[in-house]
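Only one chain is included here, represented as structure tokens and corresponding to the form predicted on its own.
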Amino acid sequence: MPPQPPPSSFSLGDRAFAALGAGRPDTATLDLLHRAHLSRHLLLLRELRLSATVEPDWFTRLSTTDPDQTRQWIADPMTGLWAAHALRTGAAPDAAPAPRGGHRLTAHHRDLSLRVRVDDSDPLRRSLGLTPAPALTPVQAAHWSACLDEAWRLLVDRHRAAATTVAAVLRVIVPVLPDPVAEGISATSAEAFGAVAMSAPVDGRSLAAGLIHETQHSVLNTVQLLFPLVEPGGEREYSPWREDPRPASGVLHGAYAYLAVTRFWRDEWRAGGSPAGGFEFARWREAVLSAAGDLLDGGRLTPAGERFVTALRAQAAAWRDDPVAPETARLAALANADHRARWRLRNLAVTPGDTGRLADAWRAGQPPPAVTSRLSSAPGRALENSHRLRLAHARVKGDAADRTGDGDAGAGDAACVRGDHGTALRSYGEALVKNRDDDAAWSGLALVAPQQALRARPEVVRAAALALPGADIVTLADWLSG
């Protein structure tokens, strides 16, 4: 493991730590995070000097480079990535540091400026976790510049506190290839404080939301270097932001990033009354509260982690009384329930032994035995891909087009999003008659069925239905619901 800054060198008072947990770090706290990462970079360089793979004269060249250039190179986010990679691989640097390549952009609005380097050339940019885009064309570089200007005006005008944090933290943007499933993808690395990897934004508002999101990850990465928040080990759990199970540290990362996203959409909605903003605010507010509650109840947090997440949850809870339109609230709740149902069907399974016991009890006319759903080892990471979510977004925006998709499940999705549960039930049932293993229909059924077993544990009803191909699914669900 790369060396970490000595914890005794960095401290925060209770009030500053609570403000940090609530996503409102002050200037002194942000300065502390920068000093911590500079300290980490220096420790990494010291470890490199002590290693046998680095020639001593490399550090001689480093010390004779222009002092300002050397300081900038040491503090650069990609230096942390480079040094950690060199320690892991034993790859010796072959040249003294030089100014890094890329497109240097400055966005200025009112009295606040953001200066970033759009890095499309560093060989290590792949280490941020996503596939880097090729070198930008002049047209693509101009698009990034225009979106950054638009995003910065929006942040400074409507989200001043977030703009201050982004300006203090963000130093590098690495363009990456888009994913066909998602509108935009992004990532950060704990080894590159102040660097984010992002696909090209659609517009300034999407870039603003993405920068806020990823800046929060950068902040939390550094907080966890200084103050351990989560105990090691533990089972992977449900996360409202991922399709795969996540450790407690991953759930915390999601909750902290989406706390800032929730604040962004709350302010957008309050400023302009945008139904889309109200939908995003309502959806992520409840997701953050749910995840924070799970973390506090899960027993995996350190004492510092409990204080941090308590402040996080209190901030989200303070927004719970902010009213949104009833239809917007319904669609937001539907989106959250949809994600959880699809997650359970994707990641949880009933063992063959328990499935056999269910089938035996059904045939014998006995009550259903208790069974346990266990994490499946097969599914990996995937991006959210829900037809119902796309329909919900369209409905929130007032899109009159009713794109039902293919087959009975697609028709059920359209009815589900409209709130027509009767039609949705029939459509999903017809889809499952044709294909008893249709996960899109199972997850839709979990949203509109009256049976508790389908709503809470759709993977158990599916397992029983697959083991009993002649049984009626509704009757099975009634039996499993007790």
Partner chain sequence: MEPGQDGDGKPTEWRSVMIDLSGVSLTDLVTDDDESVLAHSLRRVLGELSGPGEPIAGFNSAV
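The term rigid core refers to the maximal set of C-alpha atoms that superpose within 1.5 Å between the two forms. Numbering follows the first chain given and starts at 1. Note that the structure is predicted; figures quoted are calculated from it, not measured.
Omitted from view is the form predicted in complex with its partner chain, to which the following refers.
Enquirer: Is its partner chain close enough to D14, S63 and R246 in the predicted complex that each of the three has a heavy atom within 4.5 Å of it?
Expert: Yes, all three are in contact.
Enquirer: Does any heavy atom of A456 come within 4.5 Å of a heavy atom of its partner chain in the predicted complex?
Expert: No, no contact at 4.5 Å.
Enquirer: Is A291 close enough to its partner chain in the predicted complex to count, meaning some heavy atom within 4.5 Å?
Expert: Contact with its partner chain, no.
Enquirer: With heavy atoms only and a cut-off of 4.5 Å, decide whether L425 touches its partner chain in the predicted complex.
Expert: Residue-level check for L425: no, no contact with its partner chain.
Enquirer: With the partner left out here, check for me: in the predicted complex, does some heavy atom of S186 sit within 4.5 Å of its partner chain?
Expert: S186 belongs to the contact set for its partner chain.
Enquirer: Which of 149-157, 327-335, 100-108, 71-79 has heavy atoms within 4.5 Å of its partner chain in the predicted complex?
Expert: Heavy atoms within 4.5 Å of its partner chain in the predicted complex occur in 71-79.
Enquirer: Just one of H143, H393, R346, R270 has a heavy atom within 4.5 angstroms of its partner chain in the predicted complex, so which one?
Expert: Looking at the other structure, the residue within range turns out to be H393.
Enquirer: Quick check on this chain: which one of L296, A359, L112, L87 has a heavy atom within 4.5 Å of its partner chain in the predicted complex?
Expert: Going through each option in turn, the one that passes is L87.
Enquirer: Heavy atoms within 4.5 Å of its partner chain in the predicted complex is the criterion; list the residues of 240-260 that meet it.
Expert: Residues within 4.5 Å: R242, R246, H253, Y258.
Enquirer: Would the C-alpha of E55 be classed as shifted by 2 Å or more between this form and the one not shown after rigid-core alignment?
Expert: True for E55: a C-alpha shift of 2 Å or more.
Enquirer: D119 and V54: do their C-alpha atoms lie closer or farther in the predicted complex than in the form you see, with a change of 3 Å or more?
Expert: Note: Cα gap between D119 and V54 widens in the predicted complex.
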